[in-house]
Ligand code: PXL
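Okay, here we've got a single chain as structure tokens, the form predicted on its own, with questions on binding and movement later.
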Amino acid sequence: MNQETKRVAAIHDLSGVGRCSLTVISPILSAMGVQCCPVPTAILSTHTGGFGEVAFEDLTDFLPQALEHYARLGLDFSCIYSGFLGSEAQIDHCLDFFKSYPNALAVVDPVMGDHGKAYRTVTPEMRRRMVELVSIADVITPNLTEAAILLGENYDNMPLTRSAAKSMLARLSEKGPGKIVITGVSLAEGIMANIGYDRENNYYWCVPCDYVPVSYPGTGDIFAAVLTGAFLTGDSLPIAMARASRFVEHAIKTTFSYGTDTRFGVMLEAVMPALMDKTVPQNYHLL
């Protein structure tokens, strides 16, 4: 039996309560047979969405120390995966991680905003530097707000035509990454979908999703984590997109049915067994 396990350096924040960032990424990757090695950018008592003033510890200085230690150990990583970054200095440290492991799959979740607005911590300079980080990525997973920020465009909440969606994906690819997935896209034909582009094969993909009238923290982290785990275990882009979409939809629907406090995120513990389903999903088609 082959005992080799894929190893991911996950550069994200750690929020103790709220089911987001590393608290969901680590168990998801583990359940998918991938080792998650957390590299926390900050530690928070809760996420920042509705719990009042949080206890916060910045770990910017920890990042280069961790990288230096891994280099001394000669550790290898199959993937470097970055998420929420709190400063320009953390972007610099992420760039160092990616450059130190040029053969690792480079996944960037460019966490900068949602619902048409940038997060208050995301400065104009951080937006510019995030484009730099995206330029060396293999895979990026922005939502529609973040896609607009990366392209330097104003956010438009009108549904996208297929041609407009393809144009957005192609223009993001021109910035460097070979695989792009934009989440939470409303298409003009009346469906919600996650859309993707595989530059190597020049295929545009669409995974329709059922709309549920609720928003939970951490669903973007969950999507990106499942997508990353799927790539590392051999899935193609459309299959990885479909697997991630199916799991997030299952988690949202399950949680919504119980009417729980949205601040606490999705009921991950109840739906984790779904990650063990190795059936190849078929809910994808060409865009």
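We number the residues from 1 along the sequence you see. Remember, predicted model here, so these are calculated numbers, not experimental data.
Beyond what is shown, the protein has a form predicted together with this ligand; the following relates to that form.
Contact annotation for residue 238: none of its heavy atoms lies within 4.5 Å of this ligand in the predicted complex. In the predicted complex, this ligand lies farther than 4.5 Å from every heavy atom of residue 266.
Of the heavy atoms in residue 49, some are within 4.5 Å of this ligand in the predicted complex. With a 4.5 Å cutoff on heavy atoms, residue 67 does not count as touching this ligand in the predicted complex; it lies far away. Note on the interface: of 111 to 119, 70 to 78, 204 to 212, 183 to 191, the segment with non-hydrogen atoms within 4.5 angstroms of this ligand in the predicted complex is 111 to 119. In the predicted complex, this ligand lies within 4.5 angstroms of at least one heavy atom of each of the following residues of 19 to 35: 20, 21, in sequence order.
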